[in-house]
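The form predicted alone is given below as one chain in C-alpha cells.
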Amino acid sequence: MNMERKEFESIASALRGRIVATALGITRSEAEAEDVAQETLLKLWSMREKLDNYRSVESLAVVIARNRCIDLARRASQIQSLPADGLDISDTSLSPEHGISMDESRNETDRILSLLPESQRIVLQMKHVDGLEVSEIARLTGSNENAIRVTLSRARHRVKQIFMTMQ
C-alpha cells in the first residue's frame, strides 16, 4: 500500500516525541536528539510503502533512532561542518540523442548519491525526485524549514565536492 502524505504526517506526529525521548536518552543532547528524530522520520518516509509489513511502526522508529545514535557515537570524530553552498542537481534537460551519455550520467549520479549520508540523500530525493517543497518536507519530518534547507545545502555541497574530486 502506498501511504498517503496525510497518513504519514499523522504517524510522524505521533512518533516524534517517542523518537526524541529515545535519542535524548542516548545522546544527552537535545540538538542531536532533534537531528536523530528528523533522520528517523526521513528514513520512515523513504520506507513508507513497506511500513504495513511491520507489526509496530513505533518499534521500528525506536530501533532506527537507536541505531542512528550509535552511528553518531561511532562517527563523533569524523563530524564535519560543511558550509552552505548551492548545486542544482535537478537539471534533466539532456536531449534524446544523449541517451547513452544520460545512462552513464544516471549511474554516476546514483553512485555519488550513494556516498551521501542517508538523511541528506533522502532529503534530496524528497525535494528533487518527489517534488516536495521545503515546507512539506519539514512538516513530514516534524522539523523546521531552516533545518531542511541546511540539510539540502550540505547535501548539494557534498555532491559538488564528490563530483569535483572525480574530475
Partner chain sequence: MERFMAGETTNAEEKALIGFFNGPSVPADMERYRYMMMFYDRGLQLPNESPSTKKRPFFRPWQWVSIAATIVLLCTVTFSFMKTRQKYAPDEYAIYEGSYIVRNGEKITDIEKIMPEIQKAEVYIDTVGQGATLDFSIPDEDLMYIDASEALDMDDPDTKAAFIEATSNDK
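Positions refer to the first chain, counted from 1. For clarity, every value in this text was computed on a predicted model and none was experimentally measured.
The following text describes the form predicted in complex with the partner chain, which does not appear among the structures shown.
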Checking a candidate spot here: are Thr109, Leu132 and Ser153 all in contact with the partner chain in the predicted complex (at least one heavy atom each within 4.5 Å)? yes
Which one, Leu113, Ala138, Val57, Val63, lies within 4.5 Å of the partner chain in the predicted complex by heavy atoms? Leu113
Given that the partner is absent here, does Arg48 sit within 4.5 Å of the partner chain in the predicted complex, heavy atoms only? no
Is there a heavy atom of Gln125 no more than 4.5 Å from a heavy atom of the partner chain in the predicted complex? yes
Mark Phe8 yes when one of its heavy atoms lies within 4.5 Å of a heavy atom of the partner chain in the predicted complex, and no otherwise. no
4.5 angstroms heavy atom contact with the partner chain in the predicted complex for Arg149: yes
Among 22-30, 64-72, 49-57, 117-125, which stretch sits within 4.5 Å of the partner chain in the predicted complex, heavy atoms only? 117-125
